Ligand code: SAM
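A single chain, nothing else alongside it, follows as structure tokens in the form predicted alone.
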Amino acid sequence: MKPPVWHLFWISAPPGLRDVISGFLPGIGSNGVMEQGGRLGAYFPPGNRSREEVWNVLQGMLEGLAAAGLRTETVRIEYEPVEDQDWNETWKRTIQPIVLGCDVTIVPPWLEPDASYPGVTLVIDPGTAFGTGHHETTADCLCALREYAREALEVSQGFADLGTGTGVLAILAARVGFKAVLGIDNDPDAISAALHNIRLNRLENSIRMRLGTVDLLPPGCGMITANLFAGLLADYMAGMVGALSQGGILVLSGMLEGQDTRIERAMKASGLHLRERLSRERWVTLIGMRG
């Protein structure tokens, strides 16, 4: 029997746009992304979708970026079939600890904990769910959570992460002192990945996971994080703000420069005061406070 064939798509794009595209690829099903010779190589596993289906998803991603104001007309996509092999060990050797500048370190489960790692160490298995700390939006959300946790805890010990992915934000929230921590995602695979990571961090009794969306947010949260597409952030704004206690902190990310103006307007209309705006590689994170 022939080994299954993986779908490898090579994406040629200008450097700035490559950074943006690489951030979207895990969210549309790519199990691995590499950069080689000025091109991105995105691997999609066999069996899940046909070559044509993946191609259509990639075209939809480009259309969405174009609608957000990015120039995508020079992007070229090429296809290369790749026979299955023992990717696991090769891939593992490429994963190193992520040391963020806000006293948070993220390590994969196959590396031994090291006392030299600064601050809080989180164990995250980099699987198919989004949120391993590599992407700018995840890193900025983690650092915002770390910075504003003490202030939020004075308001309430409730924390919720909407679109939890790997559960990394919920895990950090539990580690820094929140007692009622909830992660929400509408993807069953993300919930499974988050529960796996919760077990790796021995926090089974500290964090709950639920399958669903904004309507599952509990009232009275001291902090809510949401790393989502800009359209969803706008649509969910009233529900997120309604679940915050007075003085609670809302951390919003997943938007590109140019999309943040709409989100800031929605924040203001919902009674949020903008506390801080972070920007990295065209990705924006907004931190607001209720009341």
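Rigid core (definition): largest C-alpha set, two forms, superposition within 1.5 Å. So that there is no doubt, residue numbering starts at 1 and follows the sequence shown. For clarity, every value in this text was computed on a predicted model and none was experimentally measured.
This protein has a second form, the form predicted together with the ligand, left out of what is shown; the following refers to that one.
- Here is the short version: of I106, L172, L162, C221, the single residue with a heavy atom within 4.5 Å of the ligand in the predicted complex is L162.
- Between the ligand and the residues L217, I207, A152, A190, the one pair within 4.5 Å by heavy atoms in the predicted complex involves A190.
- Contact annotation: Y43 falls outside 4.5 Å of the ligand in the predicted complex, judged by heavy atom distances.
- Within 4.5 Å of any heavy atom of the ligand in the predicted complex lies no heavy atom of T121.
- Taking non-hydrogen atoms only, S30 never approaches the ligand to within 4.5 angstroms in the predicted complex.
- None of the heavy atoms of S156 is located within 4.5 Å of the ligand in the predicted complex.
- Only one listed stretch (74 to 82, 180 to 188, 112 to 120, 196 to 204) carries heavy atoms within 4.5 Å of the ligand in the predicted complex, and that stretch is 180 to 188.
- Here L278 does not count as shifted, since its C-alpha moves by less than 2 Å between this form and the one not shown after the core is aligned.
- A change of 3 Å or more separates the two forms for G23 and R280: their C-alpha atoms lie farther apart in the predicted complex.
- Note: the CA-CA distance for R277 and P26 expands in the predicted complex relative to this form, by 3 angstroms or more.
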